[in-house]
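Below you'll find only one chain, the form predicted alone, shown as structure tokens.
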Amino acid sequence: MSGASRLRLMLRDLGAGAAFASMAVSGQLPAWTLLLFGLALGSALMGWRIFAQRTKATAALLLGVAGVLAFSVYAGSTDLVVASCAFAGLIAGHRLLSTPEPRTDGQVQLAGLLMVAGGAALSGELAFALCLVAFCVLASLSMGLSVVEGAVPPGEPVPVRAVMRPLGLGIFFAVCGAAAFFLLFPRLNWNMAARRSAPGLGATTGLADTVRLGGEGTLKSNPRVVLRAQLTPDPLQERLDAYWLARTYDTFDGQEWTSIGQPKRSRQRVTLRHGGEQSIHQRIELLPAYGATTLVALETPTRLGNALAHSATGSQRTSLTEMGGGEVRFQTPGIAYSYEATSLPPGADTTTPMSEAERGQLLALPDRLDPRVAALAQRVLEGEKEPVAAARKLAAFLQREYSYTLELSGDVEEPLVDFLFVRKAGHCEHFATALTLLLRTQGISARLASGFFGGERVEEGYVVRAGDAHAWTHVLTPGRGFVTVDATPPANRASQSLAVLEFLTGLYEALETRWRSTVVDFSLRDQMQMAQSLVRPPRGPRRDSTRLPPARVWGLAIAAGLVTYSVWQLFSRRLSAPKPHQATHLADAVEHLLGEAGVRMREGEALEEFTSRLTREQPTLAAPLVPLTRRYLEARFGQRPLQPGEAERLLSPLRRVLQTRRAS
């Protein structure tokens, strides 16, 4: 296989990889699909076409995989679009490992287009756009090289360098033109299926109905921003020391937490308790990385409402449903949400109406609870009965005697006993569970709360990251309601991701936000408003009485004119510059090859003079140089131009002679 063919196949395979990546960035493809395609792409790049001799057997295997995907769709375990995308990736992988021929190339490119279309259906984020551009460039280079390779007679070398430069320049202008067309041309909404967009890589899995102890706390190092909030009054702090409540749990069976509360009717506003004059108002955005439908608000929320669900097809108002454990959920699915909430300030009366069953559940203990748990609580409290004082005493004990860790591999039968008496290390869920159960063994009502802790100031608001996910304890106090007591060491409560990673993630999310606002969600109305804003006089008392366009339009027109004139001058100089004769490139190539071998031309020496001198001084160079020089003179002065690929054929004997000299 020639070097041009290997380059073409490599570009084709990398293009298919970029197309598959456009789907994979959604984070929705099954893991085994990623593994199989990765193996296929790696093997193809290594030149291992292992399916070339087993076409029928591997096709049958592919049909079997299609059957598995179809069954999973029928069973409801896999989405139809996700299954289709996964199958398109497997087809592409199969073709990558088949015999390389023109028909296979076309099938790989077609599979790449299908995968890009699938990626558009699964995700519209910035990473998809980068993969799309990569696929377009690589596939275009591969197809262009394939056309040139087909035009060269068999056995003759393909002028790869001469082809790649103009091909790359043409693709660059094509990509720029496509971007301009995409931004400026009036568009239609092609997302007729109204499919829900994906949250993308790094998204959280959302708040579950249960909290199960055990496992590694990988979420704690996730820097993705999941929440943005505007607070009134603004605390004007760089970092908030605040709890963002999502839901609570009152039942622990020894392994996981659940809630006995029942869902209530849906409505536009949900009032959880009475507010007050000192309530904190919040305007909250839950971003795509959040990945759940549970509302989050500063502790203790009193009212939530005015909710909007944002999707690929627009925004719409959504109802809210109060679930068990004080959880409130959106009724309309969306990739992001915005809403308003009010919360009581810390220290306010947080009394919550509860049924007898709910109140009694706050003292429930799991069956066969290890008696050492109650003995430990009794020993630490030393007779302390006041709920908040007892909780703080136990929390101080846990923070002093136990260590924080995210490295907890493997499930254990009794995670609370394992935390308290074996490992003596865990993350926030272990600390909060331990405090809650220790209190209950002493007859003090308590429950587990989950949500986020912290908040980093960005511009005029605050952001909360996925790594800020947290769990703590609510202690029921007569006359005050629930009081928050956190047993997790303070230094380990907020996000534990690296500062560099947070910076890079913030940069990516800023670009993604700009991408969504200017590309994905940029509608025909936005185009019209942008055009109108350029010519419409500004609103306000200082309205210009003349009918002339405002100054910014003149400035924009002048800037556009200067840019156009500069580009035109640049291209004019390039187009009008005398182009070197085709034969001159041949003479330059001869001089370059001989120069690398240590044979230099003298000052002012022409190629024919150089050849005559070398024929006398180094006869071994005469054989390749003489016909080459004669052909150069014919092409340069004899009106007999070089044919495509002829220069490479003329240079090949000279290269072989020089290689032989170097080897000897």
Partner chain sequence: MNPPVRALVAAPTVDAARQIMERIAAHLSRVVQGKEAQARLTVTSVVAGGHVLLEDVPGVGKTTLAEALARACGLSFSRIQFTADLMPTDILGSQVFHAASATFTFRQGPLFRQLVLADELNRAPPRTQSALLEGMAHGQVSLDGATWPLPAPFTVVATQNPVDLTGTYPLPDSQLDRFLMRLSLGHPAPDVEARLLTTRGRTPPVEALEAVTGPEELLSLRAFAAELRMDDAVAEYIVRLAQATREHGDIERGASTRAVLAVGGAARAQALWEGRDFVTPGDVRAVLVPCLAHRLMLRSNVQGAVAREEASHLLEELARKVVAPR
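Note that the coordinates shown come from a computational prediction; the quantities given were computed from them, not determined experimentally. Positions refer to the first chain, counted from 1.
Below, we turn to the form predicted in complex with the partner chain, even though it does not appear here.
Out of 638, 47, 598, 64, which one falls within 4.5 Å of the partner chain in the model of the complex, going by heavy atoms? Contact with the partner chain in the model of the complex is made by 638 alone.
Heavy atom within 4.5 Å of the partner chain in the model of the complex - the one residue of 258, 78, 584, 405 that qualifies: Exactly one listed residue reaches within 4.5 Å, namely 584.
| query | Counting only non-hydrogen atoms and a 4.5 angstroms cut-off, does residue 606 reach the partner chain in the model of the complex? | reply | Residue-level check for residue 606: yes, a contact with the partner chain.
Note to self: Check residue 382 for me: does it contact the partner chain in the model of the complex (non-hydrogen atoms, 4.5 angstroms)?
What the structure shows: Residue-level check for residue 382: no, no contact with the partner chain.
Worksheet item: Does at least one non-hydrogen atom of residue 37 fall within 4.5 angstroms of the partner chain in the model of the complex?
Response: Residue 37 lies outside the contact set for the partner chain.
Looking at the partner-bound form in the model of the complex, is residue 591 within 4.5 Å of the partner chain by any heavy atom?
Yes.
Practice task
Using a 4.5 Å heavy atom cut-off, indicate which stretch of 630-638, 39-47, 25-33, 56-64 touches the partner chain in the model of the complex.
Solution key: Single hit among the candidates: 630-638.
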